[in-house]
Every structure is written in C-alpha cells, then in structure tokens.
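Given next are two forms of a protein chain, the same chain in both, each as structure tokens and marked structure 1 or structure 2.
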Structure 1
C-alpha cells in the first residue's frame, strides 16, 4: 500500500531549531556588515565620492582659484579630441604600456624561474631584484639621468668602446620614450618576480613527478606542460598590475623629461598634471581624468575577456 504524506505543522523542537538557525544567520550577517563597514566607508569617501566629484567638475569650466564657474556640458570632452597635446599623450601612453608590460612580465617570470631553481642564495637574489621596487623612484631617476647622459654617461661610454655612437637617450625624440620604458621595465621586474615566485611555490611538486613519469624529462617540457599552465591565474594578475602601473607612469617623466623633447614623452598623467596644477584648468583636467579612467577600464575588460578564458580550467 502506498503511504500518503500528510502536511502539517512542524514539531515544536524542529520549529525552535529553525528559529535559532535564522537568528544565528541574522547575527552573522550583522557581524559581517559591522566588520565590512570601515572598508565600505573608506571606499565611498576615498574612491567613489572623489570619482563622482571629478566627473561633475569635468562638466564645468572651473579654474582653480576662481569662485565662479559654469556647467558647459560636454564641451570639455569635445575640446579634448581636438587637442593635439592630449592625443599625443594618449598615443605615447599606449606605446609605453605596450613596451613595458610584456617585457616586465616575461623578464620577471624568467628571473623567478632562475631564483626558484637555485639552491643557494635565494634570499640574496630576491632582495637584489626587489630593490628597485623599494627604492625611491625620483632618486633612482636621477641616477638614470647620469647613466644615460650623452657625454659623461657610462652607457654611451661602453657603446663608444664598441665603436658605436651612443644617442642622446633622454634628449632625442626618437629615443626618449624607449629610455623611459627601459626604466619602467627595471622598476617593475622585481615586483613581478615576487608575484611569480609566490605562484611557483603554490604549484604541487607531485605534478612535476607525474610529468616526468609521462615522459617530460627536459626542463622546457616540464615548464610547458606543468609550470606555464599552472601559472595562468598568476600571469593574468601580474599582467593586470603591470598594465595599471605602466598607464600611471608619471614620476620618471616629471623628473627626467617633463614631457619633452617636442612632447615625445608626454603621457596622460603628465598632461593632466599640467592642465590641472600649472594652467589651473580643473574642469578640463577632470575631463582628461575621466577619459583616463575609461581608457584604463576598457583595457582591463579587454584583458580579462581575452586572457581569463585561457587561465581557468574548470
């Protein structure tokens, strides 16, 4: 005979248990919100509100030091895309990022692999390669100004010993952006190395043993079959950080070139700085900042759409 389930009120002990579970869940939710509240407040105060203020200022003709300003709508944005200096800075920033990002990522990976394979002196080499990250960039830019000096710089002195006439690295339109990119690579490699070392440490050693059993005897085969696929998420993160840092280049340009010669090293943040704090056109500089943020967001979205599918395997 088939049993018929009869619905009815739950027993008292089950009702009490369910109510206790609901109260516990609500208590945990309140605690979670209390713990997250300081971070949420900081994000609102330090990120969201300033971003909203920049967007509002971008719709005005506000100039620093003047009380009166008017809403001009999209006039600043229309002016931007006819501004030769802004377009040059946009192009230079894209070129700089295209040079610095891949080189800093792959050199950082190579250094991390070399340190990981070394049995002695790991702490020493990690410290040496990380020093550029911990160093004061303005001071190190001054050192590079000496190294790349066209007459007394050691770089051109070594080139002359090889019979090569060294260029004016920071004073020539054809070499200044490449010189700044080399400094950017030097600065980024140590940080990327640390991230890749963390990724290498997280790879289970059993995978290498299994790969060797399957016939992967050489170092290149183990790297291609195990290391590189397992470093996928780390590589995505390192690439993202490298792109953000490259797009935000400012200190070396301010210290070494100030956008010259002939605007060959004009980058977005330097142009924004000039418009906002030299020419005092805060509204116009805010419009540039909005475009800068949009440019950065588009880069991140494209990067994640292209790379994220290749680094997650589940």
Structure 2
C-alpha cells in the first residue's frame, strides 16, 4: 500500500521512489529476520536437532557413561520386537487407550448434553466436572491410591457394606489397568465436556425447530437427527485428542504402580523412561522413542485433517 502511494504522482521521481520502496522492503525484511531470529534458533536447537539426534541415536548402541559407541544399523529395532517388556508395554498402552477413550468421550458428551439442557446450576456443574483438569494429577493420583487402598480405602469399605469383597485395585495384575483407566477417565471427562459444550452452542437453534416441524418429537429423535450429526466434527476431534492423551499416560503410572505388579501396568512412556533415564541405554530407548513418535504423528495428522474438516462445517 505504501509503495503505491509513494510511486504514484511524478514520472521523473519514479526511479528514486522505486529505489526507496525497495530499500524500505529490504529494511522490513531485515527487521522481520531480527524479530524471528531467537525463535528460529531455538526451534532448531530445542526441537529439530534433538529429533534428528533421536533418529541417529536409535541406530547406535550408545549408553550414557560410555563415550564410544558404534552404529549398529537396525539392530535396536530388531531387538525391540523380540523384547517381551516392550511388547507388553505396547499391549498395555493399547488396552488403556481402548478403555479410557470411549468412556471419557461418551461421559463427556453425556455431561455436556445434560448441562446444556438443564438451566439450574449450569455454572456449578461445569466447574465441578472441570475441576480434575485443573488439578495436579500426581497429587490426585495419591488421593486415589488412598481411595482404592485394599484394606483402609473408602471404596472397598463401601463395597463391603454391600457385601462385596473389593479387589486389590492397584495391587493386582488383573485390575491395575482398569484402576488407572478410571483415574484417566475421571481426569479427562471435564476437558471433553467443555469441547462438546462449545460444539453444542454452535448448532443453530432453527435446526431443532425444523426437525420438530418434520415430526421429530422426542428428545432422542432430536438428538439422533440434529445433535449427533452436527456434532460429528467435534466428536472426531475430541476422540483423537483423547487417544493422543491416553497414549501419553505416564504420571499416574509413575506415581502409583511403577509398571507393576509384574509388568501389568508397563506402558510406553514408562518403558522409555526406564530404559533411557534409569538404565541409561540411550540408543535402545531412542528406538522406542522413534516408534512412539511415529504413533503420535499418525494420530496428529488425523487430527489436522479433522480440524480441516471442522473449518468446512462452520
């Protein structure tokens, strides 16, 4: 805009004016580089180089404390797929994700629908269900450890009042993943609820009126014909985020079980943490990280595509 204004009026001044405009553009470009420089340097140093290094490490037998290391090609990856702990870890992460995702998505949706249609105490309920999202997970996990304690915990005390002998929630290999999943669901419902509430407010009221004219009388019919299809993009979005967050489960495992008992709560990030930062087998842990990153990138790409679709809907 400024260029046009400057180079407009007199033909004789045109060359000098153009030169001035070019100088101004160059100056602006230089200032832009200066403003962006710290960010560019840090992106390279803290994100790009470390990611590259993980790939390189994953092809070596590097261990922290030993300075010499050799390139071993794909040996680490071959070892991984014969490693019982890693395979258990993959399986447990998948099971945990398969429990947490549907429950946290559908409870989140249910709570959002109830809050949306209920006029009383709306702000109160939203606050209560969102509270776990704002709470320190490590601290709340400790509270759950007490709640689920096999002998002195209130949960089993209540169950015994009903005549049920409660299990050793976090201490037995058959219930530990379910217990961790319950904490995961409790923690993530509020987050999903808020996203669903935003999705619900975006649905035009006229659609419900139109559906009613077309004979959709009950609330179930209204949900099936209007709410659910209109929420489609939000649901996909919430689902991918829930999967990504479930795959990254770490805090509760570290705080409560450390992968036990007998590796039955061994999950991906915990295994990486153990190999890399406790046993210091950097090369081997890097190979695991590469696989973890591959999972995440696939999920994130799905999420980007979902986001794109969301833009088209609104």
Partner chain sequence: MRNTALFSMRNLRLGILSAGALVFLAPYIWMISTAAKSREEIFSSSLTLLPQHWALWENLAKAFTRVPMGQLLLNGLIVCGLIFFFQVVIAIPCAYAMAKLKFRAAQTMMTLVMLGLLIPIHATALPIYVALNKAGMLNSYFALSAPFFISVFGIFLFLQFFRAMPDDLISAARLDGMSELAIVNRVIVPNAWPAVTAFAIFSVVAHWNDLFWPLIVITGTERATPPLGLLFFRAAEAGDDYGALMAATLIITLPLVAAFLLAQRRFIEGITLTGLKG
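Numbering follows the first chain given and starts at 1. Remember, predicted model here, so these are calculated numbers, not experimental data. In this text, rigid core is short for the largest set of C-alphas that superpose within 1.5 Å between two forms.
The form predicted together with its partner chain corresponds to structure 2, not structure 1. Note on conformational change between structure 1 and structure 2: two rigid parts, with the smaller rotated by 18° relative to the larger (from C-alpha fits). Core-superposed comparison between structure 1 and structure 2: residue 297 shows a Cα shift of 3.9 Å.
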